[in-house]
Structures are given as structure tokens and as C-alpha cells.
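Form predicted on its own, single chain, as C-alpha cells, below.
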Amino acid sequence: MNHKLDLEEIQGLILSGYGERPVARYALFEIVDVARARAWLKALLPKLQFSNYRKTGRGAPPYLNKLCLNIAFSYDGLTKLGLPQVTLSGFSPPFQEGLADPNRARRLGDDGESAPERWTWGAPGQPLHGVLAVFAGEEDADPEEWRLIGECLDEHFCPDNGVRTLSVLDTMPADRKLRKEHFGFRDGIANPRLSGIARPGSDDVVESGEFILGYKNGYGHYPLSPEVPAGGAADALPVSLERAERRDFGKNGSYLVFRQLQQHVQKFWQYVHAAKAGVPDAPPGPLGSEWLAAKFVGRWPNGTPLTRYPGEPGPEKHDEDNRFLFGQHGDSFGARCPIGSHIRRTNPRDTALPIPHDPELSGTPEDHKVRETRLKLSNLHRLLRRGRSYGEPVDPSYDPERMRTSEDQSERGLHFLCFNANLNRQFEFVQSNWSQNPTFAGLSSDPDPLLSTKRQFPFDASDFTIQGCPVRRVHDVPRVVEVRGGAYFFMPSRAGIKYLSEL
């Protein structure tokens, strides 16, 4: 296991989604005066929320700030602030090239309505230097909390500080008990625990270096980290592990993926309602729609996994919703949770890849050592998700029939945020090799039914296969999620922000 994390240095959003702060806004900004922006960073630093509150329980200090602020910068933003070229060259190539890069967009499925040139923010040529995330509230989201966040943003984004807002993205107030995304499924369940802060006996523990620079990753190595020459303000940074004459700018920081995903809720439930008639196994009545939708997602709307409860939703014991392996529960071949379902593609756990049904190549699923090996490989591609929904729900009760028949055309969706230490091996791999890939795990024309249908790369595909005897297939699954904006950011440590402010 890794050494304990330096919680005083790590920004709080990396280690917590701030579930106890129901109100959130993301302010995308541009630096217009570098000298003033550096002075602003210096004044902002004491107000940022770091992870030191994780040292103690909720009933003991230090406590979360009333307003939790965290900041991250794009590659252009770090360039604008004057980070040395040797340091800029040390960031990962995807971060340097940007999320809107044409070749990257092609591999990630950002085409058609999701093409970067159509984005409302983060589009090619648009200035975008950073994001300031602000969280507030206690139990409920009342107007006073929104006012506090508004005043906070007005205070920071003024001409005297050398920064101006490009866009302020609102969120839907978080409900810690319901935790539903707009399609009506319980969300935020399968997040890994970091080895540096995991309690003894915890499950689903992943090495800290998979998400935070400066700690060993799943390969037993330290992630590549940008460095600065020693001397002056740089001497407050940690010494590089490989070069005594360099300082480690990236340590205790992480790469942030931010994508605004619009969800077409009515379109999703209208398709499911119509398609269930072509699947003889679907239960009669309204449960049939819920059953087929659960096959797409891999969970029932209340969060219980199909692998544990294949026929009907299980009891809402949310502490058990993530405690399962596919092979361990006799579902190696997708008879309960389809191989191409959303949760199985984005976290295959102990599913054999690339072909689950060939034990000669991948071993027998009954062998626990084989399952452990598969799980270790899947964990090399995990993500720390910190997203929040935006827009009002189609129906507050998330009733599938009401969502299907509603005429409300308001925009709604998910501000998808995730942290990782290796953009290529983690977020981009999951999106392109697992979600976008129509031939994932031996399938033939089955992309992720939520995120990736009808994309042009690697080829237009829109089928969904339900394994069993006999196999069932549904066709022409529509696009129900479109990208409306996005960018790659880097969230520096306390020392990293201090260095930027003193350049």
C-alpha cells in the first residue's frame, strides 16, 4: 500500500464529492491580466478547501468550510500564468492537446450534435483558462445558499482580480438520500477507495497513485509529473524523485475531466417502452420498461445490481449495491447483467477481457485467483467521479411512464467530473476502448447503450445484446446523451497554487 496522503496539500474535491454541500456552481473563467490574476490566486489560496478535514470524523475539527472552493487550470491557463516551458512539457499529451482536439473527439465519440465545434463552452478557439467550483449548504438547498455562492463569484471575478467568467454552470441541488440521475437511476455508487486513506478491511481499494500524482499507482510506479527548475519560489515544492535540481509541481495534484452531458430523458423511455414488445422475456406492463432499461444500465433504478437481483429490484441496502463481482455471483457470461450494459463496460470488474466466454484464453471464472487477476487489470482504468446533475427532473418522482409522456423540453443532464492520474490509460481508455467500442468483450455491433450509440467511429452501431438462451437483441438504440461542453483541467496542490501565484 502507498504512504498516507498529504491531506493538507490535496484539494478537497479530489477526495470528496461534498455530498453534504447540496448547492454547487462551476465558474469557467479566462485570465485577462496575468499580474492581477497571480495576486488573486495568492488571496484565494487561504479560502480554498483542502482535504485536511478527512483526518478526523465528522464530529471533530477541522470541519468543512461553509463555502468549499476548489480551482483547476487548463493547459492554456497554466501557460498564461507563465509556467516554465520545461514544466508545461511534463504534462500528459492529452492535457496539452485538449479535449476538443479533432483526433481525440473522433476517438471519444464526440461527433454530430456532440462535435466540439458545437459546444457551448470549451469549443476550439474559445479562451478557457480554468474553473472555480463552489459548494455550499447544509441539509437542504435554500435560496440563501445560492445567494452566498453568487456573492462569492461576484467577489472573485471582477476586473481588479484579472479574471472574468466565461460561463457559470448551475447544478441541481444534491439529494443525499435519493441520488438519482435524470434517467431515474440511483447514481454515484461505484467509486473506489484510495489506499492512502482507506480504513483497514475496506473493499474496492485502489492505489492512490491512480488518481493523485506523487504516489505509487497500480503498477507500483510513480505517475509522470511536471517539474520546475529549483530555486526561488520553486523551492517550496517537493523535491523531484529523480532529479535533485528539479521540484515536483504535480505532486498532490490530479487531472480533472469535465464534460457537460445533455440527457434526452423522454427519448430514452419512449424507446425502451416501444422496444420491450420485441423482447419476449420482458415482464408484462410497466415493469417491462423498467426491466429493459435496467438491462441497458446494469442496475435497477433503486441501484441494486442485476448480477445480484436479475428478476426484480432488490431491497434498498445501499451499502451492498457495490459489493459484487460478476464471476463471483455466477454472471461471468452476462446471463444476468448483459456484457454490454453501461456499468459493466465502464467498470468490468472481474469480467474476462477481451472475450468472456473463452476460458482457454482467459481462465475459468470459478477460479478465485483468475477473478483477482481480472479485477486487478480492471482497476488500472478506474475513475474518481465527482459529477452533479443540472436542470430540473422531468418528473420529481422519476416515474418511467411520466418521464416517457412528458412534453417538458427543458435542457437537463450531467456535469460529468472525474479525476485520474493518467488521462490516456484511464478516462480515454474507458471512453474509447470500453464505452465507445462496438466489439467490446466479443460483441459485434453494441456500443454503450447510454453514451455511445450511433457514433461514426469506429463504425456506426446501435444494437444491444441480452445474453441468455436464446440470445435476445434490440436494434436501432437512439442517441440519448450529447456533449455540450468540455475540457481537461489540472487541479494543483496547495504548494502548486502558491508557486503559480509567485511566478
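Counting begins at 1, following the sequence as shown. All of these numbers come straight from a predicted model, not from anything done at the bench.
One more form of this protein should be noted, the form predicted together with a small molecule, which is absent from this view; the next part is about it.
In the predicted bound form, does each of R186, R299 and Q431 have a heavy atom within 4.5 Å of the small molecule? Every listed residue reaches the small molecule in the predicted bound form, so yes.
I'd like to check something about R385: if you look in the predicted bound form, is any of its heavy atoms closer than or equal to 4.5 Å to a heavy atom of the small molecule? Flag for R385 set to yes.
Contact between F416 and the small molecule in the predicted bound form at 4.5 Å, heavy atoms? Yes - in the predicted bound form, heavy atoms of F416 and the small molecule come within 4.5 Å of each other.
Going by a heavy atom distance of 4.5 Å, is E145 a contact of the small molecule in the predicted bound form? Contact check for E145: no, nothing within 4.5 Å of the small molecule in the predicted bound form.
Spell out, yes or no, whether the shortest heavy atom distance between F427 and the small molecule in the predicted bound form is within 4.5 Å. So F427 counts as contacting the small molecule.
So which of E207, D350, E181, E290 reaches within 4.5 angstroms of the small molecule in the predicted bound form, heavy atom to heavy atom? Checking each option against the small molecule in the predicted bound form, the one that comes within 4.5 Å is E181.
Pick from A230, L88, V279, A190: which residue has any heavy atom within 4.5 angstroms of the small molecule in the predicted bound form? Only one option qualifies, and that one is A190.
Can you check 128-136, 99-107, 338-346, 114-122 and let me know which stretch has heavy atoms within 4.5 Å of the small molecule in the predicted bound form? Selected stretch: 338-346.
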